[in-house]
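Presented as structure tokens, the chain that follows is alone, the form predicted on its own.
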């Protein structure tokens, strides 16, 4: 694997949009050519090299290209947008839309990410060592197609609206989430190893949610049906199993309705 290193040297006055920071865009290019790639600061066209030094070498293909961003990207949006292969590592924080619409490869952010991480993601892997904002793995505003595949692993806390309109894939939150988990979901798995305040699974018709901590306010559309032993995200526990959202229409298989499952860890 060949590595291109980006090092921020200038803080943008506005947040910059860097859809071109992907192995797909960098593959087969020299550092000088990568520095010429277009980005936007507000409505103004800029060049990647106006804000980052570019060193190293890229691979012939995206799959052979690693990108290391050695510094803080708190004002850099769309890192890894629509990437299909390769890797991106951010030694710091990142702004919104990390890994949005990505189809493959891996992104590792060693700090925090802002909202819309993994929006409409179809494949690949996103790992965040810190916290995430709102709308992890959700659909774009006005769309009904949320995350469809891949894995998002947040080692810290996350905000609200996790997995909205989720269709597939897996989201793991190692600590706490706020409200609105898997709203409108029609598939996929969300694992929260901490607590959730409430509004879990609203209008959800398929998919699974696991909560290892407490759900402070349960929705009335979920009914407890069993206690089951499950292993998920490397941990095994006994859960109270709920089905729902019972206020919604549900698909049928072999004449039986299919429900979403909410598993809440049972107290000892």
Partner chain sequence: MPKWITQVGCPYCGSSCDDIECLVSDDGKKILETRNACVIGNEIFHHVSSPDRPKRPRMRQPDGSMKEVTYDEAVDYTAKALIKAKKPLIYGFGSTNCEGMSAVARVAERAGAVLDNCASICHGPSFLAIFDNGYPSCTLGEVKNRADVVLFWGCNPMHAHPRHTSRYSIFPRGFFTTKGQMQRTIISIDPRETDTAKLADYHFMLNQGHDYELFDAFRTVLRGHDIPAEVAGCKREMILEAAEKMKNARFVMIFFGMGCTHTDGRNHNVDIAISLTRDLNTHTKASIMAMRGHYNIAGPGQVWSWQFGFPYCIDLSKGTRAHMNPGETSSVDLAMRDEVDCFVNVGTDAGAHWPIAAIKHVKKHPVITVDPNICMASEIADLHVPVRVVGVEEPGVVYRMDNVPIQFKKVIDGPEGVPSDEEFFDKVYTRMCELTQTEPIWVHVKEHAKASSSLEH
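Numbering follows the first chain given and starts at 1. Given the structure is predicted, the values throughout are model-derived calculations rather than measurements.
Not pictured, yet referred to below: the form predicted in complex with the partner chain.
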Name the stretch, out of 188-196, 84-92, 121-129, 175-183, where some heavy atom lies within 4.5 Å of the partner chain in the predicted bound form. 175-183
Which one, 221, 49, 59, 31, lies within 4.5 Å of the partner chain in the predicted bound form by heavy atoms? 221
So in the predicted bound form, does residue 72 come within 4.5 Å of the partner chain, heavy atom to heavy atom? no
Any non-hydrogen atom of residue 241 within 4.5 angstroms of the partner chain in the predicted bound form: no
Non-hydrogen atom contact residue 96 with the partner chain in the predicted bound form at 4.5 angstroms: yes
Wondering, does residue 40 line up within 4.5 Å of the partner chain in the predicted bound form on heavy atoms? yes
Site check 156, 210 and 230: each within 4.5 Å of the partner chain in the predicted bound form by heavy atom: no
Between 1-31 and the partner chain in the predicted bound form, list the residues on our side with a heavy atom within 4.5 Å. 13, 14, 15, 17
